[in-house]
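Starting off, we have a lone chain in the form predicted alone, written out as structure tokens.
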Amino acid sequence: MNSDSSTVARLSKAGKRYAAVLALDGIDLDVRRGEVLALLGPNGAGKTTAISLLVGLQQPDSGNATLFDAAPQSLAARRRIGAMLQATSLPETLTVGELIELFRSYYARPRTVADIVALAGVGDLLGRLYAKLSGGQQRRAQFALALCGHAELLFLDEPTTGLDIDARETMWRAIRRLVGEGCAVVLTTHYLEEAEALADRVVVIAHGRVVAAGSVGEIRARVAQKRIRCVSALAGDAIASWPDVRSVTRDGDRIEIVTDAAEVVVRRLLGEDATLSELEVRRAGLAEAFVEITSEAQKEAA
């Protein structure tokens, strides 16, 4: 049993191997009620395998997976989740509206059709055959199906791939509303700005292991790198030769400097260019932190 009542799903020392490939190497992972957990990592890191263990599609070779303190294969546990996975097979002869009615029938207390349509923004798709939808429209329909059962835990594996900006924003609004209702969300995404906007916690996986975990702020703080933007007459090549400067790019009279010692570089900029203006210093974003963390993991693995 979980000692923490807020934990709705957990992997404990979970390992999974496919022939010679070690997909998960004894990872620990917990999902808490009312949070968005972003599961990040390069392709092949083990993210989708971790989700498949938690939803009960596979079983770990070692360690344990639990869903609401039960086996993930338990029907009672599965009825408390929704899932939008990368690989999905649906009856292509049904319309989106018919699919929603079919999926609602799987649950004792489903959401109303009106609520599903409003949350997922699929009113324009209800009468259309699923097989005739574009890839992005199919992803929207799949999201609607994941919402049918008043999920307490929602798994979204690369949910916004192929979506346009409006559809992505609709999904983001829905996720925020669900979390506000107490639902937990496990999100994998290659769009790091999406994780930065939505996630309460981030777990970075590389080579089947957890290499970083914490809030977005905590992950960003692991990287000393900062970006300095300003309008300056100084030559970019000259700045690039300064100690602690990683790179310099110029766009017209604007310069962007990447550095691990922002205070030192700013003082020198101000000392050498009395006309410098529009100075801005920004710490590393989640994208920069992700690249550095996974690069370090790759070096260690090599």
Partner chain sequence: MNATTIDTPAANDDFKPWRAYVLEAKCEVLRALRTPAFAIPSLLFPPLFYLLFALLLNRGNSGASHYLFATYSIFGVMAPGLFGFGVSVAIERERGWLALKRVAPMPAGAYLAAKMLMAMAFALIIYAMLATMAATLGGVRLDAVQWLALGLIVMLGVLPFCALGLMIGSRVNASASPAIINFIYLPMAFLSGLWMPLTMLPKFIGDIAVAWPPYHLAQLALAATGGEYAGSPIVHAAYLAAFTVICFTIAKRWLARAN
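Positions refer to the first chain, counted from 1. Keep in mind that what you see is a predicted model, and the values were worked out from it rather than measured.
Missing here is the form predicted in complex with the partner chain; even so, the following discussion is about that form.
* Give a yes or no on whether each residue among 163, 172 and 195 has a heavy atom within 4.5 Å of the partner chain in the model of the complex. => Answer is no for this spot.
* Proximity to the partner chain in the model of the complex, single hit among 115, 218, 158, 101 (heavy atom within 4.5 Å) -> That would be 101.
* Asked: Looking at 163-171, 115-123, 148-156, 228-236, which one sits within 4.5 Å of the partner chain in the model of the complex if you count heavy atoms only?
  -> The contacting stretch here is 148-156.
* Asked: Should residue 201 be counted as a contact of the partner chain in the model of the complex, where contact means heavy atoms within 4.5 Å?
  -> No, residue 201 sits far enough from the partner chain in the model of the complex that none of its heavy atoms falls within 4.5 Å.
* Asked: Going by a heavy atom distance of 4.5 Å, is residue 207 a contact of the partner chain in the model of the complex?
  -> Residue 207: no, not in contact with the partner chain in the model of the complex.
* Asked: Counting only non-hydrogen atoms and a 4.5 angstroms cut-off, does residue 132 reach the partner chain in the model of the complex?
  -> Residue-level check for residue 132: no, no contact with the partner chain.
* **Residue contact check: residue 45 to the partner chain in the model of the complex, 4.5 Å heavy atom** => So residue 45 does not count as contacting the partner chain.
* Heavy atoms within 4.5 Å of the partner chain in the model of the complex is the criterion; list the residues of 250-265 that meet it. => Not one residue comes within 4.5 Å of the partner.
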